[in-house]
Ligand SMILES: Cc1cc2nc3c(=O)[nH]c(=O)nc-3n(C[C@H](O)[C@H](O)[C@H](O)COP(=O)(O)OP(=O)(O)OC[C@H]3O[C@@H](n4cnc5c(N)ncnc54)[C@H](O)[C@@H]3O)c2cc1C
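Only one chain is shown below, in structure tokens, and it's the form predicted on its own.
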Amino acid sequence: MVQTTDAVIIGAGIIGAATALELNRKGIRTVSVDKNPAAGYGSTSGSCAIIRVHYSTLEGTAFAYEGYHYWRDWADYLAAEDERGLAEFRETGCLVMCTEQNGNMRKHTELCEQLDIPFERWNAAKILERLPIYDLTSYFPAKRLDNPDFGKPGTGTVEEAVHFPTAGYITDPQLATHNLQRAAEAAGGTFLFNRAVTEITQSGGRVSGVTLDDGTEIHAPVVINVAGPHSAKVNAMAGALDDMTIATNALRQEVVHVPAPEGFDFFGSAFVTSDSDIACYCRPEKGNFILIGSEDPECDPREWVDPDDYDRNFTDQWTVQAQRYAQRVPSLGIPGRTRGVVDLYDVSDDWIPIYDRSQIPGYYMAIGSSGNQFKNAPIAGKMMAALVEYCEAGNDHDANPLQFDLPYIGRTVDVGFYSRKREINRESSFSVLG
């Protein structure tokens, strides 16, 4: 069987689906191919789906603040019906503890001031007023359970935090991706599931399409790798690695799911929290539960894996994360049964994504999303569509990078910031924080 389209998108996660929507809105017809049974069933479904605006770079902060507005105006952005309903953005705000490790949030708030992003500094009394279950004793540096000093206080207390009101989380990341799928289909896109790409074909010095595992050939002058943790394998299949100075790899992660302390309405009263003192972030979950993730402290080993062959069972990392958060919330009950998510990040060398063309004409990449790009999916999709249009019109993005407008906040971003050929960005946090 042979099909013809304008562009093939490999991957139907949150960024792949957003890219499909934006290309179709430009009149560029797409076929999205995913080996999973539905949109957003890969690593997207395991995402904590946190929407926040604080990053360690100006470019990352601007991109995130732009992205926030699409989630805020989700129904208007989609302009399409979904029989399952629309994903909910719970705009709870985000509280970030000020610590020596994050420079007491001085740089982050300076960037926010440049971009007119609202924030407040809360003292310890304000933190405890809003989170009376907290103990603000410092436990830095983060430790593992086999360290004899685990649980012993460090020096002093956490005395301040920064609250960002334009933040929160999406309650159902898979549903959000399905929303984008339906909007893309309404604009002319097609999605194929339970199908894997086995070959990326080339002809005349550029890509010419893909071959699927059932023998189907899809002919197209544009192919876009949005394959998440499989991105490096897809790039190798395409022969697109030679000029890349930034690589991507699959990193195994665990997220803890525990009940909130009895007597405190965590779901109704709490918010997204980032706490580098205990190396944890968390957010509320339905049923008055708490999701707890790791901020990747130096003491925790990083487990790089084959995305097609890794252990999906919980390890002692689950207990480490739960116990670290229990330092902050002494009344936290840690159940004997482990619940949560084991999934993968697609991580670049500097934890900043690659949104770029490749050395092969017609072949593009939206990869290395590193667990912190869910929030940026709508604007990343817009930017990728603009990049395809720019390069296919004959522009040399490597020599003269696309300058892309962020319409909500009225700024322009140099898309070369996300180049596959960049030097490692030393301003990055080199962690899930971006």
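Numbers follow the displayed sequence, beginning with 1. Every value quoted in this text rests on a predicted model; they were computed, and no experiment measured them.
The same protein also has a form predicted in complex with this ligand, omitted here; what follows describes it.
- Look at 141 to 149, 340 to 348, 124 to 132, 260 to 268: in the model of the complex, residues with non-hydrogen atoms within 4.5 angstroms of this ligand sit in 340 to 348.
- Comment: this ligand is not present in this chain, but in the model of the complex one of 189, 228, 209, 284 has a heavy atom within 4.5 Å of it, namely 228.
- With the partner omitted here, the residue from 223, 279, 161, 197 that has a non-hydrogen atom within 4.5 angstroms of this ligand in the model of the complex is 197.
- With respect to this ligand in the model of the complex, the three residues 12, 16 and 369 uniformly fall within 4.5 angstroms at the level of their nearest heavy atom.
- Residue contact with this ligand in the model of the complex: residue 63 places no heavy atom within 4.5 Å of it.
- Using a 4.5 Å cutoff between non-hydrogen atoms, residue 375 counts as a contact of this ligand in the model of the complex.
- Proximity of residue 238 to this ligand in the model of the complex falls outside the 4.5 Å heavy atom cutoff.
- The shortest heavy atom separation between residue 56 and this ligand in the model of the complex exceeds 4.5 Å.
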